[in-house]
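Shown next as C-alpha cells: one chain only, the form predicted on its own.
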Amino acid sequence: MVSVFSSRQRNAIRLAVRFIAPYRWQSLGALLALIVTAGITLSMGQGIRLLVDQGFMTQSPQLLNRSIEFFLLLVVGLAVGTFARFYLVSWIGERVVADIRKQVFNHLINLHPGFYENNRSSEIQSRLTADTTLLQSVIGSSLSMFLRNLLMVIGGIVLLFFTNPKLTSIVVVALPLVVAPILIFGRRVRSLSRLSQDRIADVGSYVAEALGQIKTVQAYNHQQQDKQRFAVTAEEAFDTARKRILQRSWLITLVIVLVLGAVGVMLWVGGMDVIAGRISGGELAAFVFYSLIVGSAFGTLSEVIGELQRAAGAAERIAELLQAPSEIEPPASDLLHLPERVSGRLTLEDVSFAYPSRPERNAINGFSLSIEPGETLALVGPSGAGKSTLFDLLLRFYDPQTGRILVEGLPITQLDPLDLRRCFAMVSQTPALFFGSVEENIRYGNPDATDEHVQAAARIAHAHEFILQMPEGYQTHLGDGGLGLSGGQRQRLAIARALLVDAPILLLDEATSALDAQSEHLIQQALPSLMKGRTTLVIAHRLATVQNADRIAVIDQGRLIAVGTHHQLIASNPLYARLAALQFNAHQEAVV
C-alpha cells in the first residue's frame, strides 16, 4: 500500500510516525488489542463451523452447549479487546494531535515576521485546527480500522485456504480486480484530497478576514459583495469535495460489486459441493463467514484509504509549516551576550534594507547614526520614509542586506533575539491588546510583576482611574484587540505595559498621533516618566511633540539627510523647515 503515496506524502507519514513514537507502549498495547480482536473475529468462523457440524447436524444438546459456550467466550474476549483497542487508539490520536498542535504553534510563534508577509495567518490557523482535527480522526480511528481490516483480509484468506482451497481460488481470482480500482482511484483521491484541504483553508481564511474587519465591512456596506465572494469560495470548496466524493463513491461501488459478486459465485460452487457431499454444511457456513469478513474488510479498506489519503494531504500541509525556516535565529557559533542591564547605546553603520516582498526598492538606504545612552532622538520625515522600518531592524524582525546594527557595541546578528529584545519596550500608534483581563495585558511583558507594580505603572500612565471605573477593575476582560476601549485608553494601557517592562531602550511609534486633545494631554504627561533614564527613539509626524528632543533625525526615502535640534534644522534643512512651516502655520490658523 505504500506505493500509492508520493515521496512527499511518505515524508508526511514519517512525520506522523515520529509524533507517535514517544507513546510506543500505548501503541504496542493498541496493536496487541487489535491483533487479538482480529484473531477472535476470525476464530468465530470456526465457532460457526462447530455450531453447525457438532451442534445442529448431530442434534446433540451437549455438543450444542459446548459450541455455544465456546462462541460466547469468543464474544466476551472480543468485547474486552475492542474496549482496550478503542480506548488506546483514541487516546493516542488525541495525545498526538495535541503534541502536533503545540509543536506547530511553538514553531510559528518564533518565525520571523517576513514569513507572514507571504502566508495568510488565517490559512495557517486553518492548518493548525482543521488539518490537525483530520489527523486526530485518522490516527484515532481510521488508521486502526485500516490495520484491523488489513489483518482481517490476510487472516481471512489464510483461513479460507485452510477451510476449502477450491472455493478460495474464486476469491483469489477476484482480488486483483479489487486492488486495481483501489490503486487507480486512490491516486485521484489523493490529489483531490490535498486540493480539498486547500479550498477548506480558503473558506476559513475568508471568514476570519471578513469577521476580523467587521466594522469596516459594515461601514462601507460591503456585505453583499462579501456574501458573493464567500459564496464563490464556498462553491469552489464544494466542487472540489464533490469530485473527491465521486471518485470515492466509484471506488466503493466497484469494490462491493466485485467482492460480493465473487462471494455469490463462491456460494453457488460451495452449495453444489454440499449437495454432492464433498464438503459439510459447517465448512460452507465457515467459508461464507470468512468470505463475508474478507469482502467487508476490503470494502472498508477502500473507504479508509480515502481517509488516509486526506490525512496524508493534511500531514503534508502541517509538515510544510514545521519545515518553514526562520531567517532570524541565534548564531550557530560566536554567540555574544549583552550585560544584564545595558546603557542604551545604539549604532547603525551604513545600513541598507529592502523588504522581501519588495526587493527592488530599499526601504533603508546607507543609513548611519549613533545614539548615546539616555538620549531622546526623534525620527521625522514624510510617510514611507522608513522610520518604522528602523524599529523593525532594531528589534531584529528583519536583518539588513548590508551594514550592521550594534547594541552596546555588539552586532545584533551575533545576539540571541530573546537577549536583544529584552532591552526594548515599544509603544505603537495602534497598540496590540489581547483577549484577557486588563491586568494580564499590562503584565504582558513582565509576567512576574506584582499587583502593586501593575497598579503603580497604571497610575504613572494615567490609566488607574479609568480602570477602576470598569465593571471589574483590573480583572475586567477586554475583547479582541481591546475592543470597547477608546484609543487613548488603549494607548495608556500600552504605556503602563512598557513601564512595567522597565527596558533601557524605549521605542515610541506615533504614540499620540491618533488621539484627541485630552487623551494626548494625559499621555504627554505620562511620557516623561516613561522616558526618564532611558534611551528613547520617537517617531512623530506632529513636530510639536518632538521639539524638546535632544536631537531630531530627518529621514527621506530611507536616507538620513540631517540631524540636529529643532532650531538648527529649521535653519539648515529645507525638508524639516517645510514640514515645520506647514504644521505650525496650520496650527496658528486653527487657533485664529
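Keep in mind it's a predicted model, so treat the numbers as computed, not measured. Throughout, we count residues from 1 along the sequence that is shown.
Keep in mind the form predicted in complex with a small molecule is missing from the figure; the text below concerns it.
**Student:** Find the only residue in G436, P165, G384, P330 having a heavy atom within 4.5 Å of the small molecule in the predicted bound form.
**Tutor:** Looking at the other structure, the residue within range turns out to be G384.
**Student:** Using heavy atoms only and a 4.5 Å cut-off, determine which of E117, D451, E94, E472 is in contact with the small molecule in the predicted bound form.
**Tutor:** The residue from E117, D451, E94, E472 that makes the contact is E117.
**Student:** Would the small molecule be touched by all three of Y355, Y398 and H541 in the predicted bound form, meaning a heavy atom each within 4.5 Å?
**Tutor:** Yes, the whole candidate spot contacts the small molecule.
**Student:** Indicate whether the small molecule has at least one heavy atom within 4.5 Å of a heavy atom of T300 in the predicted bound form.
**Tutor:** Although the small molecule is absent here, T300 would stay clear of it in the predicted bound form, with no heavy atoms inside 4.5 Å.
**Student:** With a 4.5 Å heavy atom cut-off, would you call N149 a contact of the small molecule in the predicted bound form?
**Tutor:** No.
**Student:** Even though the partner isn't displayed, in the predicted bound form is R361 close enough to the small molecule, meaning a heavy atom within 4.5 Å?
**Tutor:** Taking the distances in the predicted bound form, the answer for R361 is yes, it comes within 4.5 Å of the small molecule.
**Student:** Would T389 count as a contact of the small molecule in the predicted bound form, using a 4.5 angstroms cut-off between non-hydrogen atoms?
**Tutor:** Answer yes; at least one heavy atom of T389 falls within 4.5 Å of the small molecule in the predicted bound form.
**Student:** Work out which of the listed stretches, 451 to 459, 139 to 147, 375 to 383, 269 to 277, brings a heavy atom within 4.5 angstroms of the small molecule in the predicted bound form.
**Tutor:** Selected stretch: 375 to 383.
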